[in-house]
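Take a look at this single chain in structure tokens; it is the form predicted alone.
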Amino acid sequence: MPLDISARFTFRLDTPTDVLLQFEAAQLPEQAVLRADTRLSETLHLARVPSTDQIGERLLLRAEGEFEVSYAAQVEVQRQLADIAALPALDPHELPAETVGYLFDSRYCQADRLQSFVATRFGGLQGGARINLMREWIACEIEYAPGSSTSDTTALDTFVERRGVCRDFAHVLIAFARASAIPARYVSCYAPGVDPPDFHALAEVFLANPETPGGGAWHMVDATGMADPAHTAKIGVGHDAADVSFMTVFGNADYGEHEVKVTARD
């Protein structure tokens, strides 16, 4: 089922300023970008740079004054989904080297601080069954409340305050998974049905691959319940939101208009 995606946002830079943007759907084996059109205001410098784990690209630019970003794409998602609850975890010594870094604490995901709670609350289950229970706990115990968090809010803050938005739900699930010695990473994405419509975030956990005995694979999990992995287009991945923010400014900027639309074709 193709996704029609459009995104537009504006900002103002009072002086020549460097900006890192990541908003384009990634070209991957599991999703094909059928067509894409990216339009930018005039820049003083523009370069494309690889993103984390070679998933997607970033635009590194330098500009001044009023700036507008406009993006439209059609993406065909071809992701094979597994029953996560039935998947075992891999022991740390069995993990591929590139996944080991996703066991550690990161800026927004303090897994070490949550180990005692995770062991007590979810200790009776292992692997994907534990991930599934974590997802259900987050969905039940944390209120989805637009505007309730900021760019400084961490997984621990959300765990204590019991409210947040998609990035916060993803951070808590990532921290819970890492506290269980399951690699987990943050995914920025586009998905239909997100309310309010916006860039979305969810988690991916590394569990056994049912198609490869002894192997593993990344599996999407959305604790908000708004995104269906079968109809979700990845933008990028990282240890947490700091790695895949759609806009990082190396200076000061005044953010303006913002609009995202995602529609699934029948």
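On a predicted model such as this, the values are computed, not experimentally measured, just so you know. The term rigid core refers to the maximal set of C-alpha atoms that superpose within 1.5 Å between the two forms. Residue numbers run from 1 along the displayed sequence.
Keep in mind that the form predicted in complex with another copy of the chain is not shown, yet the notes after this line are about it.
Novice: Which residue, M226, L60, I55, A217, is the contact with another copy of the chain in the model of the complex, using a 4.5 Å heavy atom cutoff?
Specialist: The residue in contact is L60.
Novice: In the model of the complex, which of the stretches 65 to 73, 234 to 242, 217 to 225, 25 to 33 has residues with heavy atoms within 4.5 Å of another copy of the chain?
Specialist: Within 4.5 Å of the partner lies stretch 234 to 242.
Novice: If you check in the model of the complex, do A129, N132 and S188 all have a non-hydrogen atom within 4.5 Å of another copy of the chain?
Specialist: Judged in the model of the complex, none of A129, N132 and S188 sits within 4.5 Å of another copy of the chain.
Novice: Does another copy of the chain come within 4.5 Å of any heavy atom of H45 in the model of the complex?
Specialist: Contact check for H45: yes, within 4.5 Å of another copy of the chain in the model of the complex.
Novice: Is Q78 part of the interface with another copy of the chain in the model of the complex - any heavy atom within 4.5 Å?
Specialist: Output for Q78 is no: heavy atoms all beyond 4.5 Å of another copy of the chain.
Novice: Although another copy of the chain is absent from this view, report whether V49 comes within 4.5 Å of it in the model of the complex, heavy atoms only.
Specialist: Result yes; V49 sits at the interface with another copy of the chain in the model of the complex.
Novice: Can you tell me whether V194 touches another copy of the chain? I mean in the model of the complex, with a 4.5 angstroms heavy atom cut-off.
Specialist: No.
Novice: Residue by residue through 113 to 131, tell me which have a non-hydrogen atom within 4.5 angstroms of another copy of the chain in the model of the complex.
Specialist: The stretch 113 to 131, when checked against another copy of the chain in the model of the complex, contributes R113, L114, S116, F117, R121 at the 4.5 Å heavy-atom cut-off.
Novice: Once the two forms are fit on the core, has P29 moved its CA by at least 2 Å between this form and the one not shown?
Specialist: No, its C-alpha moves less than 2 Å.
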